[in-house]
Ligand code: ADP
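In structure tokens, one chain follows: the form predicted alone.
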């Protein structure tokens, strides 16, 4: 187990394209950090810089307080699990898992004990004599993880390890990674574009966009108190609804609707009286009520919940998605009325969240 410190790290390629800007993060001993964001946001590049597979253009990388910014990948005592399983097809599962230790010329008895121990943790004991082609995708990904475990590295790095699996296997393997982390108490950095993976796996999430860190926090912090519109829109499924509204006394006035402000909300927005802001409301915070009239476009029944898609302010208004409890049978052009249970406020110009009346 180990601590990691990423200090003011940049990645600038030879063509002067910058992929990562001033990345700062302190990873605690035994912490599972998830880097999440859309494709091209710099999360995999950051992970590859930590692994030593990409050079760091500026900044420092410390492992247990030791500067390893320019250390070769082989000297960093880290193990990486890739999206592709990267297994040797001609070798057995046992040989694949033992490969790195064999290269190090470790004692065969020690290798045998380590492989068997890792196989037991991952439920692969009965598969050790098989070849990779005989295993399912989920099993092959477990072999890739096992190959990392036997090395007993200071840090585990995962680069979108579940992307090649179907939805059912993704869920099962995600749970196995979480159990593995709890069992090993190892320091881990995990990259994904899937917010469900981020929310369910992470001790803390690093949300990135266009090479910049947008917010670092626990899953609940990013869900409940997003720092800006990007985080609010990226974290949460279905995504948050957004409305341009004007703060007017004790009300927010939007296109085709008005909603009342609580005394606390009015205080929060005191500096924005008479100004436009962005109102954010999560689909699960919308209930049937009397405040916001809408016209239904589509109904998606999910069993315990229903996603109701509608327009606020007529068919040319703003699209809204409500996640209502239970089963509903709305049809296109039905009229409904909503109430917003929980509201988020964002500065229209900066897109930053508004808290406590601050500009």
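Small disclaimer: the values here were computed from a predicted structure and weren't measured. Positions refer to the first chain, counted from 1.
There is another form of this protein, the form predicted together with adenosine-5'-diphosphate, and it is not shown here; the text below is about that form.
Stretch 42-50 is the contacting one of 42-50, 23-31, 289-297, 305-313, since its residues have non-hydrogen atoms within 4.5 Å of adenosine-5'-diphosphate in the predicted bound form. In the predicted bound form, at least one heavy atom of residue 19 sits within 4.5 Å of adenosine-5'-diphosphate. In the predicted bound form, adenosine-5'-diphosphate stays beyond 4.5 Å of every heavy atom belonging to residue 326.
At least one heavy atom of residue 38 is located within 4.5 Å of adenosine-5'-diphosphate in the predicted bound form.
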